[in-house]
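Only one chain comes next, encoded as structure tokens, the form predicted on its own.
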Amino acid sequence: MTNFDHLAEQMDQIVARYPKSRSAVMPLLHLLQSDQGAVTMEGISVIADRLELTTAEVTAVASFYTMYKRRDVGRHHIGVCTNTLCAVLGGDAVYDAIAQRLSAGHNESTADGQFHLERIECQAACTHAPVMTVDWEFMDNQTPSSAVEVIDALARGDRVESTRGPVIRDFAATEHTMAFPDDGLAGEGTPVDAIMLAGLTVAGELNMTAPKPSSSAQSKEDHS
């Protein structure tokens, strides 16, 4: 049986953030996943006991959100968006190239446990399609060859920088950040680039402004 005593202090810190302890269930799941590589039944039981919830209530959260994994992810999680815009611009080809390189399919890990591959429905990064993520960090404007180069570099242990965030660490480290977001890395990389600001830039060049709210809308806002 797994002992989670080494996480007790961190769990207390997370729970202390919230007026109602049950609100801590999601960051606690990320903390446990950072330690175990997946959300295990033992971990679910520990969280349920700590928050005075049933295991069914914790399992409902863990099974609803796809970022919580029930099998060990290993060192790096690779997510490839194959939703509409990414697919049109080559997301399926990117996925196929990585799947061939890793000899792994959707929600499967490589034999050596270094990589876990997942098709992602949307990563909210359509401006930079096709997109993949490595341990939830963005790798934008990918091609089949560039995506495989990222995998090769990670396999060699090379330093890999995400395109809009910090240097790639590993799945466990990113999951720990999900539990403790204030990790000092928010300023790393270029979180906002010219592509994301294109609409605002054009609006400024054309002296465009948002229309003023109608009198009825303004009245509602004043009384909200």
Partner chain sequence: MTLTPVITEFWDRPDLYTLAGYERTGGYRALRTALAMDPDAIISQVKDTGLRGRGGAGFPTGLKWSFVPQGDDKPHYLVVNADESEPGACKDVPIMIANPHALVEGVIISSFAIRASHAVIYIRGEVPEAIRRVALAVSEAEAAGHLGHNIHGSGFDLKVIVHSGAGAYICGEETALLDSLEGYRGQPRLKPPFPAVAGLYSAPTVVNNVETITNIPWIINNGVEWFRQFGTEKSPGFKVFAVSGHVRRPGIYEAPLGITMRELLDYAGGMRDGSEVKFWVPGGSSVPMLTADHLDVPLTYEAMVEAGTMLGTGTPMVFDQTVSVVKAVTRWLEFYKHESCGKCTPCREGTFWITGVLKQFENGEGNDPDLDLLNELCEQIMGRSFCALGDAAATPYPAAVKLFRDEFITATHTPVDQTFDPARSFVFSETALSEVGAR
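Bear in mind the structure is a predicted one, so any value in this text is a computation, not a measurement. Between two forms, the rigid core is defined as the largest C-alpha subset superposing within 1.5 Å. Numbering follows the first chain given and starts at 1.
The same protein has a further form, the form predicted together with the partner chain, not shown here; the description that follows concerns it.
J.: Identify which of 155, 38, 160, 61 has a heavy atom within 4.5 Å of the partner chain in the model of the complex; exactly one of them does.
T.: That would be 61.
J.: How about residue 109: is it within 4.5 Å of the partner chain in the model of the complex, going by heavy atoms?
T.: Contact check for residue 109: no, nothing within 4.5 Å of the partner chain in the model of the complex.
J.: Even though the partner chain is not shown here, does residue 25 get within 4.5 Å of it in the model of the complex, heavy atoms only?
T.: So residue 25 counts as contacting the partner chain.
J.: Taking the shortest heavy atom distance, is residue 165 within 4.5 Å of the partner chain in the model of the complex?
T.: Close contact exists here: in the model of the complex, residue 165 approaches the partner chain to within 4.5 Å, heavy atoms only.
J.: Determine whether any heavy atom of residue 117 comes within 4.5 Å of a heavy atom of the partner chain in the model of the complex, and answer yes or no.
T.: No, residue 117 sits far enough from the partner chain in the model of the complex that none of its heavy atoms falls within 4.5 Å.
J.: Heavy atom within 4.5 Å of the partner chain in the model of the complex: which residues of 199 to 213 meet that condition, in order?
T.: Result: 199, 200, 202, 203, 206, 208, 209, 210, 211, 212, 213.
J.: Core aligned, does the CA of residue 167 move at least 2 Å between this form and the one not shown?
T.: No.
J.: Is the C-alpha displacement of residue 26 equal to or greater than 2 Å between this form and the one not shown once the rigid core has been superposed?
T.: The answer is no; the displacement is under 2 Å.
J.: Core superposed first: is there a CA shift of 2 Å or greater at residue 178 between this form and the one not shown?
T.: Shift at residue 178: below 2 Å after core fit.
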